[in-house]
Structure formats: C-alpha cells, structure tokens
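There is one chain below, alone, in structure tokens, taken in the form predicted on its own.
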C-alpha cells in the first residue's frame, strides 16, 4: 500500500550524533517516497540544562500527543543535573507499555553467528517491574526497590506479543520469566501467558526460565521466533540479542501504547564523534522502517529496507563501524549510497508484514475484587543493631497476650530466628512475621494498630499485610515456614 496522505510525525533528533542520524534518515525517507509531515521537537540534555527536570518540555509532549507517532534519536541522561531519564519520561507519560526489538542477521555484518539465520523479536513489557522506580532507603545501609507486576500489565504485553507474531507470520512465541524464584510477580506473567495462549492456536506457545533463555540465545539463537518477557529481563536480553547480529548500531526498536507509538535507535549519543560525519544512521533508519509499517506504508518500508540490505550486502560506502578496516566513509556518503540503491532488491527477501493491531485497553482503573478477603498476619520490617536472638526475644515479648504469634524472623530473606544452625551475615534490617491463629475477615485495622502499639520501643520502617484472596495465600512463605 502506498501512503497518499502525509503522516504527521514528531521528530526528536536527540543528543550527540542524534541530529546527524536524524537528518540522514529524513533524507532517505524522502527519497523513498515516504510521505511524512515532520514536526521537529526537542528532548534530552539541552532541555535538562534549561532546568526542565523531565528532559521533555511541554511543547514536545503536546506534539507527540497530537501526532501519535514519534521518531527519536539517542538522548543523553546527564550526570549531575536533571532527574529521570527523558526516555523513561516519554515511555511512562504516554503509557507505551510494549517495547519491540527485532533482531535479524544483516548481510555484510560479520559476527560469530553469521549464517545461523537469526530472525527474532524481543517483546518487553515497558512500564512495570523494577523500572517503576519505587525505591526507599530502609535503613542507612539497606535499600529496597519494589517489583510491581500487574495482571492487566501482563495481559497487555502478552496479547501484544501474540498480535505481533500473527502480523509478521511467525510460528512460535516463548515466554521467558524467573517464575521458579519469584512465583507471584514473574509467575503472574507465566500464568497470564498460559491463559491467553489458547486464543492463538496457530502460534506454538512455550515457557522457559529467563536465565536458560539467555543461555539458549548464545547457544542456538536461531531457534527463537518471538520472546515476551518482563521489563528488566527484556532490557537485558534485547541488548544481548542485538549483540548477536552486530550490536546496537544496527538495532531498531519501537515503543507502543494505546494512543502513541515511538520509534527509536537504542544506541548511545556517542558525543565523541558528534559533528564529525562519522555516525551510522542504520539503527534509526530501520526504526523508521518499523514506523512506516506501523502506519501502513508497506511499499515505502519495503523499498527502504531493501536499499539498506543491498548497501550492506555490497559492502561499499559503509560507515567506519561496519566497514572493512580502513574503508569507512562518512554519514553523508553512506546516506547517498542507500539512496542510490532505492528500487533494488537484495538477495534476502523481506518478511511479509500485515498491520499490527494494537489491542485497545479501556482508560479506567482496573480492579478485580475477590469474593473473600482475609488478613492472615503482618510482616514488620525493623531496623536494629541487636543480634537475631535479641530481636526474637523482643518480638516474642511484644506479642504476648495479642492475637498474633511470631512465626519467624529473617535478614535479607534468610531465616535467623528460630536459629537454623546455618550462618548468616547480618545487616540492620530484619523482617518479623506475625501470623494470626485464624485469619480474620476484613482489613484487621484494629489488630494491626494494637500490634504496632506493642512495638513502640522498636524502630520499624515498613509493613506488609499478609492477605488471603478467595482462600489463597497472597504472600510467599518464609524460609522454614509450613
């Protein structure tokens, strides 16, 4: 399909080499007859320097909201000023929950995996998990980061991954988690994946543990078609996978949400070569090809992708990072070569694509009320320089005469009271688990208040209610707990 009406796209050139690779990409898209109406916008280091802590000014956010499509170069996250990464700001602001990272062997780029036929896509959940960025200092020497995984968040990314597999004619989808250890958080993605998979009977669905997935990516990457995983796992294995085919300099990506899609190069801003006509625009250019397919301009996408493949295949006029030693050319000469190859076909056919149908999710607070809700106990996190025995004795004394019993005390997850005979290195951060003999209906506010009153002489910093939903424990058992 040829795009007749220009598509409005917000262009964020970015920092360092960003303006050069953006200019090259715009030239090639224009020569390839991609009809784009560009809205240039700003984000990154220069914005931080103006005192805008998010790195993304209101004008940029308004432009993306208006166009619904953004093409973005690399952004620097400065050290010493600014706050959050501007990349993270944009993803979270527009709830771009799906990160899409295609990984395909490219002609002319020789790696230890050349000839293996690598052609896969990593689909990474993009807004939850540890990257929610909820951190606290629990004591002066112990920090925590909350790992938040939601059921609808899992369903969104799983359905997006299956939809991508269908749109690209792929045959299999693997879900990679650490559900063997984190049974509630990572396990939630596994359970949702297994629930949704029957809706896509033509896609072979499987699950594997994320560390085995990383192992298999190195041993036999050609076995994978699509992999879906959680945020931090996906961040790691998508960069690993890019390394198999030549690195981040040739790796495209997309961030997708209900209302906005942002396509970006994931490599750094490379300030050491900025302005020297040395930058390789391939990653941003292939991201723009993804963008064209997203908006339905398959003809221009195919034409430009084939021109890139021909250029790489012939090995003439490549930038220094991918050329034979001593034969590299500048950004401008590489761009000219890609333009000269428009209309030619490489020996490698492009995959057949249909338009990805991004599921629409209702803009409402998702809530799943259980039929029953009970309080089974409470975990109290304490700061103390005392021994485990002293903390245990103090907690026993505190609950005497209360409805709670002390089930155990742990230190960084290892049981330290009652003593197990093992040896644990102690820090000043203990978790005391108090259980009710019989779970009670409701939130147990009065019982919890009474317990905290009994702990008046202790320095506690964090509480977790131990709840049961529909008769099932909503908490992990402690070490040695039956």
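Since this is a predicted model, take the numbers as computed values, not measurements. Positions refer to the first chain, counted from 1.
What comes next is about the form predicted in complex with a small molecule, which is not displayed.
Here the chain stands by itself, but in the predicted bound form one stretch of 67-75, 158-166, 183-191, 117-125, 67-75, has heavy atoms within 4.5 Å of the small molecule.
Although the partner is absent from this view, residue 264 contacts the small molecule in the predicted bound form, with a non-hydrogen atom inside 4.5 angstroms.
For the chain shown alone, residue 17 is a contact residue for the small molecule in the predicted bound form, at least one non-hydrogen atom being within 4.5 angstroms. Contact check for residue 273: a non-hydrogen atom falls within 4.5 Å of the small molecule in the predicted bound form. In the predicted bound form, none of the heavy atoms of residue 238 sits within 4.5 Å of a heavy atom of the small molecule. Between the small molecule and the residues 410, 311, 87, 231, the one pair within 4.5 Å by heavy atoms in the predicted bound form involves 87. Note on the partner interface in the predicted bound form: the residue among 306, 384, 269, 317 having a heavy atom within 4.5 angstroms of the small molecule is 269.
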